[in-house]
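For reference, the chain that follows is the form predicted alone, supplied as structure tokens.
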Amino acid sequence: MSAQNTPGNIIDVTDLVKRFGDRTVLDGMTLGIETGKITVVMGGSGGGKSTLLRNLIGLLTPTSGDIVMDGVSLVGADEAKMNQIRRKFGMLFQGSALFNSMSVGDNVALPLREHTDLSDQIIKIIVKVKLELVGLTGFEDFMPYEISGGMKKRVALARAIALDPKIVFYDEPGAGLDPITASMIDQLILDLSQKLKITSVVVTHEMKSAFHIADKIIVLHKGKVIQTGTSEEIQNSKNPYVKQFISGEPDGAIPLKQTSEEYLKGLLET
């Protein structure tokens, strides 16, 4: 379905609700993703980050509300329309999600072979270019088990940008990586966003990473957006939950000690 984005936004989420049975995970969420910017979505466990991401990439269908991506509404879109929409974005999964039986080059080539009629010669050239962009020149013939975890992330990123998407979604890009390698991934996100003019949506709970790369940060709690702002604005937030979350304090808006009734009530609310 054709729809309109807010000027300056490539994604608009409006009154998004997602329920699983009686449990409401996204509770009327409204937010915008600016074109060409790096937007970081963060919040505690159960806040709705992963569920929001799965709705944005079409793995889940909203209970109600709307998602408009690049002028197209995802809600009610049939499979053919969703396949067109999916070509507009790439996805870096938390565990890289490489196929272990395929070489690095074949992993990167996969979306090109699935979604284009390009010749193998052209695909090999594109694969080489994408691997160069993530600092892996000459690794086409390596197998995933022959490279490190950080390299696997970079291969997955090369695959995510294989089709020259307008948007790249990142699910915890630094998860499982040492601090130096995680910083390298952050720098790649910055470089690709600037060089390729890609819109980046990064779901993370890593404070250092978020404050380093973000143009805008969206903080979620209990299925709602509780604050949006620049890194500086979030770091200076007066919101009790945001302050506790970014400082990592064990007690605060979320108490250290809870009764079983309070804990169960919190689960139902999130």
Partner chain sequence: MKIHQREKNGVNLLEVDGEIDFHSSPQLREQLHQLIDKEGCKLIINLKKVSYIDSSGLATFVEALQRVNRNQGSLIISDLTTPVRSVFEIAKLETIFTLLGSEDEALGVLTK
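Being a predicted model, the structure only gives us computed values, none of them experimental. Residue numbers count along the first chain shown, from 1.
From this point on, the text means the form predicted in complex with the partner chain, which you will not see here.
When contacts are defined as a non-hydrogen atom within 4.5 Å, none of Val17, Val75 and Lys81 contacts the partner chain in the predicted bound form.
Comment: 156 to 164 is the region of 178 to 186, 102 to 110, 89 to 97, 156 to 164 lying near the partner chain in the predicted bound form, near meaning a non-hydrogen atom within 4.5 Å. The partner chain is not drawn, but in the predicted bound form it has no heavy atom within 4.5 Å of Lys152. Although the partner is absent here, Leu133 is a contact residue: one of its heavy atoms lies within 4.5 angstroms of the partner chain in the predicted bound form. Proximity of Ser148 to the partner chain in the predicted bound form: non-hydrogen atoms within 4.5 Å are absent; the residue sits far from the partner. For Leu196, a non-hydrogen atom is located within 4.5 Å of the partner chain in the predicted bound form, even though that partner is not displayed. A single residue from the set Ile85, Met143, Leu190, Leu118 has any heavy atom within 4.5 angstroms of the partner chain in the predicted bound form; that residue is Leu118.
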